[in-house]
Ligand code: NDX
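Consider the single chain below, provided in structure tokens and representing the form predicted alone.
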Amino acid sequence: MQCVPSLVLALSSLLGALALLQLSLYLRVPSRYGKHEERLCRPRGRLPARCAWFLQELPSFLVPALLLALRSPPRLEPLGCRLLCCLFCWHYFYRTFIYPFFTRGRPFPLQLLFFGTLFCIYNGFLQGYYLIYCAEYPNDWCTDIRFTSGLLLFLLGMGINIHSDLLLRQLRKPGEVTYKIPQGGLFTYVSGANYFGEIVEWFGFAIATWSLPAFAFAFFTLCCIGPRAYHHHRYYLKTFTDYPKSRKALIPFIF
């Protein structure tokens, strides 16, 4: 397999267009799962949340691994390129093999699972293909300010995301399905702390890679889960009379 720059450009542009489509579809009306499902038409089929998250996130880990296995020689050069590929796979290793086995979410609609899986295949191919077959970095990329600052943002965002998920899990006892007000961590300031962490994470990744595919993915993440955080915020304000009025939806002190 060889690098085709026009393919990278086309797939990245399509990802940006999908981001705008997501924003237009879900800015006013939330996607129908979780706490927003009861107010909308219920999907027919569902899978347990743990199984659904595992199946959905798995391609984002397997597709880059397969692309790397198909490369001849099967290695990444230079060191900066290897580290960037490892960051992407590290995130999805956690989302595939760790996060699903601790989540206590409600059963997941099959329709959303199908489209989520398609996206993970698509994005896993785009990011993996670019990093493994197309990316060219100088040997000292690991000391470049773009790499170091992006890496710090990535690690900060991932830490916020994991910590926020932990706080959300602690809100429910096993078997509970009711929703409660999140407390602690960045939830002190925003309703969507877990989403904020993931957005920071992928913009950090985009800065570290300094590539069109990564920036397109970061933009898609913002357009996809940004509205979700906004609708969560509105839900909490309407449901809980004692919900802190000082909290923002997604960005502390701003939005």
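In case it trips you up, residue 1 is the first one in the sequence shown, and so on. Everything numeric in this text was worked out from a predicted model, so none of it was measured.
As for the form predicted in complex with the named molecule, it is not shown, yet the points below apply to it.
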query	finding
Every residue of 130, 158 and 163 near the named molecule in the model of the complex, heavy atom within 4.5 Å	no
Position in contact with the named molecule when the complex is considered in the model of the complex, options 86, 134, 151, 171, heavy atoms within 4.5 Å	171
Listed residue that, although the named molecule is not shown, lies within 4.5 Å of it in the model of the complex (heavy atoms), from 61, 230, 195, 203	195
4.5 angstroms heavy atom contact with the named molecule in the model of the complex for residue 10	no
Partner proximity in the model of the complex: residue 120 to the named molecule, non-hydrogen atom cutoff 4.5 Å	yes
Contact of residue 178 with the named molecule in the model of the complex (heavy atom, 4.5 Å)	yes
4.5 Å heavy atom contact, residue 185 and the named molecule in the model of the complex	no
Contacts with the named molecule in the model of the complex - residues in 211-243 whose heavy atoms fall within 4.5 Å	217, 220, 221, 224, 225, 228, 232, 236
